[in-house]
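Let's start with one chain on its own, the form predicted on its own, as C-alpha coordinates.
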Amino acid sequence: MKWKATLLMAILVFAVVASGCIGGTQETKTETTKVTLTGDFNKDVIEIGKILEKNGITEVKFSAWGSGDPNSVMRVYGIVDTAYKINRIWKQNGINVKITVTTKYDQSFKDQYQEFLSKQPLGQAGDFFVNSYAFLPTLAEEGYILDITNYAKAYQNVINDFYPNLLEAAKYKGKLYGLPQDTEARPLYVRKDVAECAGLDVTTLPEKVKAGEFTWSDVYYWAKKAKEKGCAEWGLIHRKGSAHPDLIQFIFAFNGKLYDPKTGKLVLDVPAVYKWLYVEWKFAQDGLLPKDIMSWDWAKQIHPTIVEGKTLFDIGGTWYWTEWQTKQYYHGRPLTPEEVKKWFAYTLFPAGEKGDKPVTLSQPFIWMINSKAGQLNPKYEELKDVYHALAFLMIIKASDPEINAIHSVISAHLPVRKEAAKLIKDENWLNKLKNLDLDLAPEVKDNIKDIVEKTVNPINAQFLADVSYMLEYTHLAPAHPKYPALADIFKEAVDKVLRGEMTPEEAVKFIEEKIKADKELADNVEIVGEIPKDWKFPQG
(Lines give C-alpha, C1' and ligand atoms only; values in the text may rest on other atoms or scores of the structure.)
Protein backbone atom coordinates (compact mmCIF):
# COMPACT_ATOMS: atom_id res chain seq x y z
CA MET A 1 0.00 0.00 0.00
CA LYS A 2 2.97 2.24 0.59
CA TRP A 3 3.66 2.52 -3.16
CA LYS A 4 0.02 3.57 -3.75
CA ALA A 5 0.32 6.37 -1.17
CA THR A 6 3.56 7.59 -2.76
CA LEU A 7 1.94 7.57 -6.21
CA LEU A 8 -1.08 9.52 -4.93
CA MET A 9 1.15 12.18 -3.34
CA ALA A 10 3.13 12.54 -6.58
CA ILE A 11 -0.09 13.00 -8.55
CA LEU A 12 -1.28 15.66 -6.11
CA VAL A 13 2.02 17.53 -6.26
CA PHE A 14 1.96 17.38 -10.07
CA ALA A 15 -1.60 18.64 -10.11
CA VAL A 16 -0.76 21.54 -7.86
CA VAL A 17 2.28 22.51 -9.93
CA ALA A 18 0.42 22.07 -13.21
CA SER A 19 -2.48 24.24 -12.12
CA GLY A 20 -0.27 26.92 -10.67
CA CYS A 21 -2.26 26.74 -7.42
CA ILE A 22 -0.38 27.01 -4.19
CA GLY A 23 -2.22 27.00 -0.91
CA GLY A 24 -5.53 27.17 -2.80
CA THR A 25 -4.70 30.59 -4.34
CA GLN A 26 -4.44 31.26 -8.03
CA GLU A 27 -0.92 32.48 -8.72
CA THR A 28 -0.95 35.27 -11.30
CA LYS A 29 2.30 36.42 -12.72
CA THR A 30 2.80 40.17 -12.63
CA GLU A 31 3.46 41.49 -16.11
CA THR A 32 5.21 44.72 -16.98
CA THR A 33 5.01 47.16 -14.08
CA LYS A 34 6.53 50.22 -15.71
CA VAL A 35 5.02 52.46 -18.34
CA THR A 36 6.72 55.10 -20.43
CA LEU A 37 4.40 57.92 -21.48
CA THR A 38 4.64 59.05 -25.08
CA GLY A 39 2.53 62.23 -25.06
CA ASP A 40 -0.16 60.53 -27.20
CA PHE A 41 -3.06 60.34 -24.73
CA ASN A 42 -5.01 57.54 -26.43
CA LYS A 43 -1.88 55.47 -27.00
CA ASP A 44 -0.75 55.88 -23.38
CA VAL A 45 -4.17 55.06 -21.99
CA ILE A 46 -4.43 51.93 -24.15
CA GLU A 47 -0.95 50.81 -23.08
CA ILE A 48 -1.85 51.20 -19.42
CA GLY A 49 -5.17 49.41 -19.92
CA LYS A 50 -3.40 46.44 -21.50
CA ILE A 51 -0.91 46.25 -18.64
CA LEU A 52 -3.70 46.26 -16.10
CA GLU A 53 -5.66 43.64 -18.01
CA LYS A 54 -2.64 41.34 -18.30
CA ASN A 55 -2.30 41.55 -14.55
CA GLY A 56 -5.88 40.47 -13.96
CA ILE A 57 -7.14 43.95 -13.02
CA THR A 58 -10.70 44.59 -14.21
CA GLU A 59 -11.56 47.59 -12.06
CA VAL A 60 -9.52 50.56 -10.86
CA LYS A 61 -11.01 52.51 -7.98
CA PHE A 62 -10.12 56.15 -7.39
CA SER A 63 -11.56 58.85 -5.18
CA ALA A 64 -11.61 62.58 -5.94
CA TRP A 65 -11.67 65.20 -3.19
CA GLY A 66 -12.61 68.78 -3.97
CA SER A 67 -13.99 71.78 -2.12
CA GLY A 68 -15.10 75.37 -2.41
CA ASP A 69 -18.11 77.40 -3.45
CA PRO A 70 -21.26 75.53 -4.54
CA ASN A 71 -20.69 76.11 -8.26
CA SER A 72 -17.13 74.74 -8.39
CA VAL A 73 -18.15 71.09 -8.53
CA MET A 74 -16.14 70.46 -11.71
CA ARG A 75 -13.24 70.17 -9.27
CA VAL A 76 -14.46 66.61 -8.72
CA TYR A 77 -16.61 66.01 -11.81
CA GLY A 78 -13.65 66.80 -14.05
CA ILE A 79 -12.14 63.56 -12.73
CA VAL A 80 -15.44 61.69 -13.13
CA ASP A 81 -15.66 62.81 -16.75
CA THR A 82 -12.09 61.74 -17.37
CA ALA A 83 -12.81 58.24 -16.08
CA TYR A 84 -15.81 58.05 -18.40
CA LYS A 85 -13.70 58.96 -21.43
CA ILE A 86 -10.86 56.57 -20.56
CA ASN A 87 -13.37 53.78 -20.00
CA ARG A 88 -14.77 54.48 -23.47
CA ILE A 89 -11.31 54.27 -25.03
CA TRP A 90 -10.65 50.97 -23.30
CA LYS A 91 -14.00 49.56 -24.36
CA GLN A 92 -13.46 50.60 -27.97
CA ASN A 93 -10.15 48.78 -27.92
CA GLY A 94 -11.48 45.62 -26.31
CA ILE A 95 -9.76 46.20 -22.98
CA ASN A 96 -11.75 44.78 -20.09
CA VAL A 97 -10.83 47.32 -17.43
CA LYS A 98 -12.99 50.07 -15.92
CA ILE A 99 -12.28 53.06 -13.70
CA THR A 100 -14.81 53.96 -11.02
CA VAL A 101 -14.58 57.26 -9.14
CA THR A 102 -16.14 58.25 -5.85
CA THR A 103 -16.37 61.94 -5.04
CA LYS A 104 -16.22 64.05 -1.90
CA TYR A 105 -17.03 67.76 -2.13
CA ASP A 106 -16.84 70.03 0.91
CA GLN A 107 -17.52 73.72 1.40
CA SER A 108 -14.39 74.54 3.35
CA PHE A 109 -11.17 74.02 1.41
CA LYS A 110 -9.20 74.59 4.57
CA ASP A 111 -11.07 71.94 6.55
CA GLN A 112 -10.64 69.47 3.71
CA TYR A 113 -6.93 70.20 3.63
CA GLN A 114 -6.70 69.41 7.34
CA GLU A 115 -8.60 66.17 6.71
CA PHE A 116 -6.25 65.23 3.88
CA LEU A 117 -3.29 66.04 6.08
CA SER A 118 -4.52 63.76 8.86
CA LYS A 119 -5.78 60.89 6.70
CA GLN A 120 -3.03 60.63 4.09
CA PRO A 121 -0.61 58.84 6.43
CA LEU A 122 -3.40 56.37 7.26
CA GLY A 123 -4.08 55.66 3.61
CA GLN A 124 -7.57 57.14 3.88
CA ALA A 125 -7.22 60.35 1.86
CA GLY A 126 -8.48 60.94 -1.66
CA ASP A 127 -6.44 59.81 -4.66
CA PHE A 128 -7.07 63.17 -6.33
CA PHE A 129 -7.01 66.34 -4.28
CA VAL A 130 -7.82 69.74 -5.69
CA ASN A 131 -7.07 72.55 -3.30
CA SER A 132 -5.22 75.81 -2.82
CA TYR A 133 -1.66 76.07 -4.06
CA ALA A 134 -0.86 77.56 -0.64
CA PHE A 135 -0.93 74.06 0.87
CA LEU A 136 1.15 72.45 -1.86
CA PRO A 137 4.57 73.13 -0.27
CA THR A 138 3.62 71.42 2.97
CA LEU A 139 2.12 68.43 1.18
CA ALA A 140 5.19 68.16 -1.06
CA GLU A 141 7.57 68.52 1.87
CA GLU A 142 5.75 65.72 3.72
CA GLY A 143 5.82 63.48 0.64
CA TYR A 144 2.01 63.36 0.58
CA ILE A 145 1.58 64.32 -3.09
CA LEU A 146 3.13 62.96 -6.25
CA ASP A 147 6.02 64.64 -8.02
CA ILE A 148 4.79 64.62 -11.63
CA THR A 149 7.81 66.36 -13.16
CA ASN A 150 8.93 63.37 -15.21
CA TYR A 151 5.44 62.39 -16.33
CA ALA A 152 4.82 65.96 -17.50
CA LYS A 153 7.83 65.95 -19.84
CA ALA A 154 5.89 63.79 -22.28
CA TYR A 155 2.98 66.26 -22.27
CA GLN A 156 4.91 69.47 -22.71
CA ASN A 157 2.51 70.60 -25.44
CA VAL A 158 -0.30 70.60 -22.85
CA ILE A 159 1.88 72.12 -20.13
CA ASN A 160 2.86 74.99 -22.43
CA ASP A 161 -0.79 76.04 -22.80
CA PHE A 162 -1.11 76.93 -19.09
CA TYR A 163 -0.42 80.52 -18.11
CA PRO A 164 3.20 80.46 -16.87
CA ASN A 165 2.64 82.31 -13.57
CA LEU A 166 -0.08 79.82 -12.64
CA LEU A 167 2.16 76.89 -13.53
CA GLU A 168 4.74 78.28 -11.12
CA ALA A 169 2.13 78.00 -8.36
CA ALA A 170 2.08 74.24 -8.96
CA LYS A 171 5.81 73.91 -8.35
CA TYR A 172 7.86 73.47 -5.22
CA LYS A 173 11.64 73.60 -5.18
CA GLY A 174 11.67 73.39 -8.96
CA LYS A 175 9.54 70.27 -9.21
CA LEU A 176 6.01 70.04 -10.57
CA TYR A 177 3.49 68.70 -8.05
CA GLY A 178 0.22 69.30 -9.87
CA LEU A 179 -1.57 71.19 -12.62
CA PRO A 180 -3.50 74.45 -12.21
CA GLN A 181 -7.26 73.90 -12.00
CA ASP A 182 -8.52 77.48 -11.77
CA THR A 183 -7.71 80.94 -10.57
CA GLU A 184 -9.62 84.10 -9.82
CA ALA A 185 -9.46 87.76 -8.95
CA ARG A 186 -10.90 89.47 -5.90
CA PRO A 187 -12.82 92.55 -6.97
CA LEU A 188 -14.26 95.24 -4.77
CA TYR A 189 -17.98 94.99 -5.52
CA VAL A 190 -20.06 98.15 -5.39
CA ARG A 191 -23.82 98.08 -5.06
CA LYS A 192 -24.99 100.47 -7.80
CA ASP A 193 -28.30 101.59 -6.28
CA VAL A 194 -26.66 102.31 -2.92
CA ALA A 195 -23.87 104.21 -4.67
CA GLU A 196 -26.43 106.31 -6.56
CA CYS A 197 -28.22 107.08 -3.31
CA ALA A 198 -24.92 108.22 -1.75
CA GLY A 199 -23.90 110.20 -4.84
CA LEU A 200 -20.99 108.00 -5.93
CA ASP A 201 -20.49 107.71 -9.71
CA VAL A 202 -19.52 104.08 -10.39
CA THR A 203 -19.14 104.48 -14.15
CA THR A 204 -15.69 106.05 -13.83
CA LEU A 205 -14.68 104.15 -10.72
CA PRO A 206 -12.63 101.32 -12.32
CA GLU A 207 -10.43 103.80 -14.17
CA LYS A 208 -9.96 105.97 -11.08
CA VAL A 209 -8.96 102.92 -9.08
CA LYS A 210 -6.53 101.78 -11.78
CA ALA A 211 -4.95 105.25 -11.72
CA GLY A 212 -4.58 105.13 -7.95
CA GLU A 213 -6.88 108.16 -7.60
CA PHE A 214 -9.49 106.30 -5.56
CA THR A 215 -7.89 104.84 -2.42
CA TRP A 216 -9.09 103.22 0.77
CA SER A 217 -9.63 106.68 2.25
CA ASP A 218 -12.19 107.22 -0.52
CA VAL A 219 -13.78 103.85 0.25
CA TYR A 220 -14.14 105.00 3.86
CA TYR A 221 -15.55 108.40 2.83
CA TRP A 222 -18.28 106.92 0.63
CA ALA A 223 -19.07 104.10 3.04
CA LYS A 224 -19.62 106.67 5.79
CA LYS A 225 -21.72 108.85 3.54
CA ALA A 226 -23.90 105.91 2.43
CA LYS A 227 -24.61 105.01 6.04
CA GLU A 228 -25.20 108.59 7.21
CA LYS A 229 -27.68 109.16 4.38
CA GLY A 230 -29.49 105.96 5.27
CA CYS A 231 -28.69 104.34 1.90
CA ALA A 232 -27.39 101.14 3.50
CA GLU A 233 -27.00 99.46 6.86
CA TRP A 234 -23.27 98.95 6.35
CA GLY A 235 -20.52 100.60 4.39
CA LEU A 236 -18.38 97.53 3.90
CA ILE A 237 -18.75 93.75 4.18
CA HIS A 238 -15.86 91.35 3.78
CA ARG A 239 -15.11 87.70 4.12
CA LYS A 240 -14.55 85.91 7.38
CA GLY A 241 -12.34 83.09 8.58
CA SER A 242 -8.68 82.92 7.76
CA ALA A 243 -7.09 86.21 6.81
CA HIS A 244 -5.72 84.34 3.85
CA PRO A 245 -6.19 85.31 1.14
CA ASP A 246 -8.78 88.08 0.80
CA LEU A 247 -7.81 90.48 3.53
CA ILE A 248 -4.06 90.26 3.03
CA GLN A 249 -4.69 92.30 -0.10
CA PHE A 250 -4.43 95.25 2.28
CA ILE A 251 -0.73 94.45 2.82
CA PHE A 252 -0.02 94.67 -0.91
CA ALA A 253 -2.33 97.70 -1.30
CA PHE A 254 -0.18 99.50 1.30
CA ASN A 255 2.92 98.58 -0.69
CA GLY A 256 3.99 95.90 1.76
CA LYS A 257 5.30 92.41 1.16
CA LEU A 258 4.81 88.99 2.66
CA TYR A 259 7.82 87.09 1.36
CA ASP A 260 11.50 87.75 0.74
CA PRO A 261 12.72 85.66 -2.22
CA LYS A 262 16.35 86.39 -1.32
CA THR A 263 16.11 84.71 2.07
CA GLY A 264 13.19 82.37 1.35
CA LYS A 265 11.50 83.67 4.51
CA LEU A 266 8.08 85.08 5.20
CA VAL A 267 7.92 88.77 6.08
CA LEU A 268 5.94 90.60 8.72
CA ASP A 269 5.89 94.03 7.11
CA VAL A 270 5.01 96.06 10.20
CA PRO A 271 4.07 99.39 8.51
CA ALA A 272 1.76 97.71 5.99
CA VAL A 273 0.17 95.35 8.53
CA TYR A 274 -0.40 98.26 10.93
CA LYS A 275 -2.18 100.26 8.21
CA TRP A 276 -4.32 97.24 7.31
CA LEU A 277 -5.37 96.72 10.91
CA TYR A 278 -5.99 100.43 11.38
CA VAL A 279 -8.39 100.48 8.39
CA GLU A 280 -10.26 97.46 9.77
CA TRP A 281 -10.41 99.04 13.24
CA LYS A 282 -11.58 102.41 11.91
CA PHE A 283 -14.37 100.94 9.78
CA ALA A 284 -15.61 98.77 12.67
CA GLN A 285 -15.37 101.46 15.35
CA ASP A 286 -17.35 103.87 13.17
CA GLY A 287 -20.08 101.31 12.60
CA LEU A 288 -19.34 100.85 8.91
CA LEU A 289 -18.27 97.20 9.18
CA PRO A 290 -19.78 94.62 11.59
CA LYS A 291 -17.48 94.08 14.57
CA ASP A 292 -18.25 90.36 14.58
CA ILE A 293 -17.98 89.81 10.81
CA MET A 294 -15.26 87.19 11.28
CA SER A 295 -17.85 84.89 12.83
CA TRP A 296 -20.76 85.61 10.49
CA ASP A 297 -22.53 82.77 8.68
CA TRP A 298 -21.88 82.69 4.95
CA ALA A 299 -25.34 81.70 3.74
CA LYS A 300 -27.45 83.38 6.42
CA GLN A 301 -25.59 86.65 6.94
CA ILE A 302 -22.72 87.54 4.62
CA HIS A 303 -24.20 86.87 1.18
CA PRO A 304 -27.77 88.02 1.98
CA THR A 305 -26.41 91.30 3.36
CA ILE A 306 -24.61 91.90 0.07
CA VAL A 307 -27.28 90.83 -2.43
CA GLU A 308 -30.11 92.52 -0.53
CA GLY A 309 -28.33 95.86 -0.86
CA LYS A 310 -27.52 96.38 2.81
CA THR A 311 -23.94 97.45 2.09
CA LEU A 312 -22.26 99.80 -0.37
CA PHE A 313 -18.97 97.87 -0.74
CA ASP A 314 -18.00 94.22 -0.51
CA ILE A 315 -14.61 92.54 -0.72
CA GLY A 316 -15.35 89.30 -2.54
CA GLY A 317 -14.23 86.97 -5.29
CA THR A 318 -15.12 86.64 -8.94
CA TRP A 319 -16.98 83.44 -8.11
CA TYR A 320 -19.56 85.44 -6.14
CA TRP A 321 -20.98 86.57 -9.50
CA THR A 322 -22.47 83.18 -10.35
CA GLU A 323 -22.83 81.90 -6.79
CA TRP A 324 -25.45 84.64 -6.27
CA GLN A 325 -27.28 83.19 -9.29
CA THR A 326 -27.55 79.67 -7.92
CA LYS A 327 -27.96 80.05 -4.16
CA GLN A 328 -31.05 81.39 -2.46
CA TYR A 329 -29.40 84.36 -0.81
CA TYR A 330 -31.84 87.05 -1.97
CA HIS A 331 -35.01 86.82 0.12
CA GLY A 332 -35.01 83.04 -0.37
CA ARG A 333 -34.23 82.97 -4.08
CA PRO A 334 -31.19 83.35 -6.37
CA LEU A 335 -30.56 86.50 -8.38
CA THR A 336 -30.92 86.41 -12.15
CA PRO A 337 -27.92 87.30 -14.33
CA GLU A 338 -29.77 90.49 -15.28
CA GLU A 339 -30.16 91.46 -11.62
CA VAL A 340 -26.51 90.85 -10.83
CA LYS A 341 -25.51 93.01 -13.78
CA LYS A 342 -28.01 95.71 -12.83
CA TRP A 343 -27.04 95.91 -9.17
CA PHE A 344 -23.28 95.36 -9.03
CA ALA A 345 -20.27 97.25 -10.32
CA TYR A 346 -16.77 95.91 -9.73
CA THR A 347 -13.26 97.24 -9.62
CA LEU A 348 -9.76 96.35 -8.48
CA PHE A 349 -8.95 96.43 -4.78
CA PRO A 350 -8.01 100.13 -4.37
CA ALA A 351 -4.56 101.37 -3.41
CA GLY A 352 -4.01 101.92 0.30
CA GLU A 353 -3.13 105.55 -0.15
CA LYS A 354 -2.03 107.96 -2.85
CA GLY A 355 1.17 106.76 -4.47
CA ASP A 356 0.36 103.08 -3.94
CA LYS A 357 -1.11 100.81 -6.59
CA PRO A 358 -4.40 98.92 -6.80
CA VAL A 359 -4.13 95.16 -6.44
CA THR A 360 -5.98 91.91 -6.54
CA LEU A 361 -5.01 88.52 -5.27
CA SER A 362 -5.32 85.09 -6.83
CA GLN A 363 -5.30 81.74 -5.14
CA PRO A 364 -4.89 79.13 -7.87
CA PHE A 365 -6.38 75.76 -7.11
CA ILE A 366 -4.25 72.82 -8.17
CA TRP A 367 -5.03 69.26 -9.28
CA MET A 368 -2.78 67.21 -6.97
CA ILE A 369 -2.28 63.44 -6.87
CA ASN A 370 -1.92 61.56 -3.61
CA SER A 371 1.53 59.94 -3.50
CA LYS A 372 -0.36 56.75 -2.59
CA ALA A 373 -2.86 57.09 -5.44
CA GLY A 374 -4.42 53.76 -6.34
CA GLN A 375 -3.28 52.05 -3.16
CA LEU A 376 -6.61 50.34 -2.56
CA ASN A 377 -6.40 48.53 -5.89
CA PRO A 378 -4.99 45.01 -6.46
CA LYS A 379 -1.23 44.49 -6.85
CA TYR A 380 -0.59 48.08 -5.81
CA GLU A 381 3.04 47.56 -4.84
CA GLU A 382 3.89 45.84 -8.13
CA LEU A 383 1.84 48.19 -10.28
CA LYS A 384 2.37 51.43 -8.38
CA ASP A 385 4.00 53.21 -11.31
CA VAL A 386 1.18 52.15 -13.62
CA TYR A 387 -1.50 53.47 -11.25
CA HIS A 388 0.43 56.72 -10.81
CA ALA A 389 0.90 57.19 -14.56
CA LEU A 390 -2.83 56.59 -15.03
CA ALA A 391 -3.62 59.16 -12.33
CA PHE A 392 -1.37 61.67 -14.08
CA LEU A 393 -3.16 61.06 -17.39
CA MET A 394 -6.44 61.66 -15.59
CA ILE A 395 -5.44 65.15 -14.44
CA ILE A 396 -4.14 65.86 -17.94
CA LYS A 397 -7.57 64.96 -19.33
CA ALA A 398 -9.41 66.80 -16.55
CA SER A 399 -7.45 69.87 -17.67
CA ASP A 400 -8.88 69.76 -21.20
CA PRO A 401 -9.80 73.28 -22.37
CA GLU A 402 -13.48 72.38 -22.52
CA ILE A 403 -13.57 71.12 -18.92
CA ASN A 404 -11.67 74.19 -17.76
CA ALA A 405 -13.96 76.52 -19.73
CA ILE A 406 -17.10 74.88 -18.30
CA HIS A 407 -15.75 75.35 -14.79
CA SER A 408 -14.91 78.99 -15.53
CA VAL A 409 -18.32 79.88 -16.92
CA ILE A 410 -20.46 78.19 -14.27
CA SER A 411 -18.32 79.21 -11.29
CA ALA A 412 -16.97 82.60 -12.46
CA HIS A 413 -13.37 81.55 -11.99
CA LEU A 414 -10.80 82.53 -14.57
CA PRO A 415 -9.45 79.98 -17.05
CA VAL A 416 -5.95 78.63 -16.52
CA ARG A 417 -5.31 77.65 -20.15
CA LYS A 418 -5.14 79.86 -23.22
CA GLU A 419 -7.37 77.48 -25.22
CA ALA A 420 -10.02 77.59 -22.48
CA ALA A 421 -9.97 81.40 -22.56
CA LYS A 422 -10.78 81.24 -26.28
CA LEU A 423 -13.73 78.92 -25.68
CA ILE A 424 -15.52 81.18 -23.20
CA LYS A 425 -15.55 83.91 -25.87
CA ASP A 426 -17.13 81.55 -28.42
CA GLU A 427 -20.88 82.19 -28.56
CA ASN A 428 -21.49 78.95 -30.46
CA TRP A 429 -19.73 76.95 -27.78
CA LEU A 430 -21.63 78.78 -25.03
CA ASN A 431 -24.90 77.79 -26.69
CA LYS A 432 -23.78 74.16 -26.74
CA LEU A 433 -22.92 74.38 -23.06
CA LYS A 434 -26.28 75.98 -22.35
CA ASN A 435 -27.97 72.95 -23.96
CA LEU A 436 -25.37 70.55 -22.54
CA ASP A 437 -24.74 69.49 -26.10
CA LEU A 438 -21.18 68.53 -25.21
CA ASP A 439 -19.35 65.25 -24.90
CA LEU A 440 -19.62 64.79 -21.14
CA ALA A 441 -20.31 61.82 -18.89
CA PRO A 442 -24.07 61.45 -18.22
CA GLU A 443 -23.34 61.63 -14.48
CA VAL A 444 -21.59 64.95 -14.96
CA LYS A 445 -24.42 66.38 -17.03
CA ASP A 446 -26.93 65.34 -14.37
CA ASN A 447 -24.94 67.01 -11.61
CA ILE A 448 -24.26 70.34 -13.32
CA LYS A 449 -27.47 70.84 -15.31
CA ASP A 450 -29.13 73.06 -12.67
CA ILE A 451 -26.03 75.23 -12.34
CA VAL A 452 -25.63 75.41 -16.12
CA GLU A 453 -29.26 76.43 -16.56
CA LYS A 454 -28.82 79.38 -14.19
CA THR A 455 -25.33 80.54 -15.08
CA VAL A 456 -24.59 80.01 -18.77
CA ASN A 457 -25.44 83.44 -20.03
CA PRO A 458 -23.68 86.06 -22.19
CA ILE A 459 -23.79 88.39 -19.18
CA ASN A 460 -21.59 86.02 -17.21
CA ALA A 461 -19.19 85.44 -20.11
CA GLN A 462 -18.86 89.22 -20.43
CA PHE A 463 -18.14 89.49 -16.71
CA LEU A 464 -15.25 87.02 -17.05
CA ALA A 465 -13.91 89.01 -19.99
CA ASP A 466 -14.24 92.26 -18.01
CA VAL A 467 -12.33 91.05 -14.94
CA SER A 468 -9.56 89.20 -16.78
CA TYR A 469 -7.41 92.36 -16.83
CA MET A 470 -7.20 92.16 -13.04
CA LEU A 471 -4.69 89.32 -13.35
CA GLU A 472 -2.19 91.97 -14.49
CA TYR A 473 -2.40 93.38 -10.95
CA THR A 474 -2.50 90.13 -9.09
CA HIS A 475 -0.40 88.91 -6.22
CA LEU A 476 -0.02 85.42 -4.80
CA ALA A 477 0.32 84.63 -1.14
CA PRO A 478 3.67 82.95 -0.44
CA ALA A 479 3.86 79.25 -1.22
CA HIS A 480 5.67 78.65 2.05
CA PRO A 481 4.97 75.76 4.47
CA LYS A 482 4.65 78.15 7.42
CA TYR A 483 2.41 80.68 5.71
CA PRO A 484 -0.89 79.10 6.90
CA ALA A 485 0.33 79.48 10.50
CA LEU A 486 1.10 83.15 9.95
CA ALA A 487 -2.27 83.70 8.24
CA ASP A 488 -4.03 82.24 11.27
CA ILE A 489 -2.30 84.78 13.49
CA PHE A 490 -3.40 87.57 11.15
CA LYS A 491 -6.97 86.28 11.47
CA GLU A 492 -6.83 86.49 15.25
CA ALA A 493 -5.44 90.02 15.10
CA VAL A 494 -8.11 91.20 12.64
CA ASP A 495 -10.86 89.75 14.81
CA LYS A 496 -9.51 91.49 17.91
CA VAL A 497 -9.25 94.95 16.31
CA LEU A 498 -12.70 94.61 14.74
CA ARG A 499 -14.22 93.77 18.12
CA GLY A 500 -12.32 96.63 19.76
CA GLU A 501 -10.41 94.28 22.04
CA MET A 502 -7.10 95.65 20.78
CA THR A 503 -5.92 98.86 19.19
CA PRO A 504 -4.02 98.47 15.89
CA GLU A 505 -0.75 99.07 17.78
CA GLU A 506 -1.57 96.38 20.32
CA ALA A 507 -2.56 93.97 17.54
CA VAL A 508 0.78 94.41 15.76
CA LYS A 509 2.58 93.65 19.04
CA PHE A 510 0.30 90.66 19.49
CA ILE A 511 1.33 89.33 16.05
CA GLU A 512 5.03 89.83 16.83
CA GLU A 513 4.72 88.02 20.16
CA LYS A 514 2.82 85.09 18.62
CA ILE A 515 5.53 84.71 15.98
CA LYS A 516 8.34 84.85 18.53
CA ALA A 517 6.59 82.33 20.76
CA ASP A 518 6.72 79.73 17.99
CA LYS A 519 10.42 78.98 17.40
CA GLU A 520 9.84 77.26 14.09
CA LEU A 521 7.71 80.15 12.87
CA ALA A 522 10.17 82.71 14.23
CA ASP A 523 12.97 81.03 12.27
CA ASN A 524 10.91 81.47 9.11
CA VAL A 525 9.63 85.03 9.49
CA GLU A 526 11.53 88.29 9.14
CA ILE A 527 10.01 91.21 11.06
CA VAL A 528 10.76 94.44 9.21
CA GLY A 529 9.92 98.09 9.76
CA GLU A 530 8.16 99.94 12.57
CA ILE A 531 4.70 101.27 13.28
CA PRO A 532 4.57 104.57 11.37
CA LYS A 533 4.31 107.66 13.56
CA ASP A 534 1.68 110.31 12.88
CA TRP A 535 0.06 108.20 10.14
CA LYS A 536 -3.60 109.07 9.74
CA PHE A 537 -6.60 107.40 8.18
CA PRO A 538 -8.63 108.52 6.33
CA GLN A 539 -6.47 110.93 4.41
CA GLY A 540 -7.24 113.81 2.07
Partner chain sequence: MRNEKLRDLSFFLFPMVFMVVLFYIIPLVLTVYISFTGMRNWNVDRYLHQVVGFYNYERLFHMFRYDPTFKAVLLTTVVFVGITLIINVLGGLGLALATFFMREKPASAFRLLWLLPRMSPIAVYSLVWYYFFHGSSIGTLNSILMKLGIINQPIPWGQIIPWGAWSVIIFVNGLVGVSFGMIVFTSALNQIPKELVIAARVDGASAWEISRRILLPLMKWHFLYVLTWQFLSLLTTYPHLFLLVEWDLVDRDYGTTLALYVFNTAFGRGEQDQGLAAAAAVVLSILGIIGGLITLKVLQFEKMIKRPRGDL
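Numbering follows the first chain given and starts at 1. These numbers were taken from a predicted model, which means no experiment stands behind them.
Keep in mind the form predicted together with its partner chain is missing from the figure; the text below concerns it.
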TODO: Could you confirm whether residue 300 comes within 4.5 Å of its partner chain in the predicted complex, counting heavy atoms only?
DONE: yes
Open item on the list: So, residue 142 and its partner chain: in the predicted complex, are they within 4.5 Å at any heavy atom pair?
Closed with: yes
- [ ] Please check if residue 517 has a heavy atom lying within 4.5 Å of any heavy atom of its partner chain in the predicted complex.
- [x] yes
- [ ] Indicate whether its partner chain has at least one heavy atom within 4.5 Å of a heavy atom of residue 473 in the predicted complex.
- [x] no
Task: Residue among 429, 113, 155, 343 with a heavy atom within 4.5 Å of its partner chain in the predicted complex - done: 113
Open item on the list: Considering non-hydrogen atoms and a 4.5 Å limit, which listed residue (47, 69, 488, 53) is close to its partner chain in the predicted complex?
Closed with: 488
- [ ] Name the stretch: of 133 to 141, 219 to 227, 331 to 339, 314 to 322, exactly one has residues whose heavy atoms fall within 4.5 Å of its partner chain in the predicted complex.
- [x] 133 to 141
Task: Residues from 326 to 352 in contact with its partner chain (non-hydrogen atom within 4.5 Å) in the predicted complex - done: none
